[in-house]
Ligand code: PMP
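A lone chain, given as structure tokens: the form predicted on its own.
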């Protein structure tokens, strides 16, 4: 099962009056996230180039989703897999990684510390690292996959005015933007980011000292910083209004898109990275009060 061909749906209830809002539902990929696309491209490119030989160990630094996608490919193709990830990653993601046979190296700190740990393992000769932050296969997966699907499935005669993507590795943001600009040269590209002092799983900020080499901010026309609480509120709202169970970064994207459309109008497409299944043990779901019990009167 290869990634791709995920649904593009209209969010009727959430679109501000006089606007149109669409969402690419990336949790319909094999392991439940958009990162399956980049994992597939990077894995196949490495094997075809002879960088990843049969049985060679594979190493990656990740906050979860890319590692899960790579762990699946490693398992079914006979490669031992080591994942370096922040120790505070959700239990669900750690459980999935272990289910796919990955060895976890949990790192104190965030994504940057995980990258350094993975690089140290590679330097010691432990295996090949795809390095999603600097691998051209990451944005290529979206330029020649995700973006082309959006163009193919776009239901309106007029071009979309806006595209909203989370900034994580920069792969989705860069690749989708490049692909859409070929067909829609005037589309505005919105980078949705975390605040450096209020991190959201899988997202980054341009204010972070480390900027992934694959990120091309020359494509970005608008930048939105979103608080974790704002993303969590939108996660609940989209569940209640549209019935979609989205992850926290998807909530951040929709928060930015709805607010921007409310102020400026137009039509927009959002790329929603994953669903909420891998986040049930943390915010915004863990703090929910237990539902009231219906009793006889």
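Positions refer to the first chain, counted from 1. This structure is a prediction, so every number in the text was calculated from the model and none was measured.
Same protein, other form: the form predicted in complex with this ligand, not shown, and the subject of what follows.
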Subject >> in the model of the complex, residue 83 touching this ligand (heavy atom, 4.5 Å) >> reply: no
Original post:
Just to confirm, residue 141 within 4.5 Å of this ligand in the model of the complex by heavy atoms?
Top reply: no
Original post:
Does residue 114 make contact with this ligand in the model of the complex, using a 4.5 Å heavy atom cut-off?
Top reply: no
Original post:
Can residue 65 be called a contact residue for this ligand in the model of the complex at 4.5 Å between heavy atoms?
Top reply: yes
Subject >> Stretch in contact, per heavy atom within 4.5 angstroms of this ligand in the model of the complex, of 100 to 108, 72 to 80, 123 to 131, 159 to 167 >> reply: 159 to 167
Original post:
Would you say all of 172, 202 and 274 touch this ligand in the model of the complex, counting a heavy atom within 4.5 Å as a touch?
Top reply: yes
Subject >> Sequence-ordered residues of 26 to 42 touching this ligand in the model of the complex, heavy atom within 4.5 Å >> reply: 35
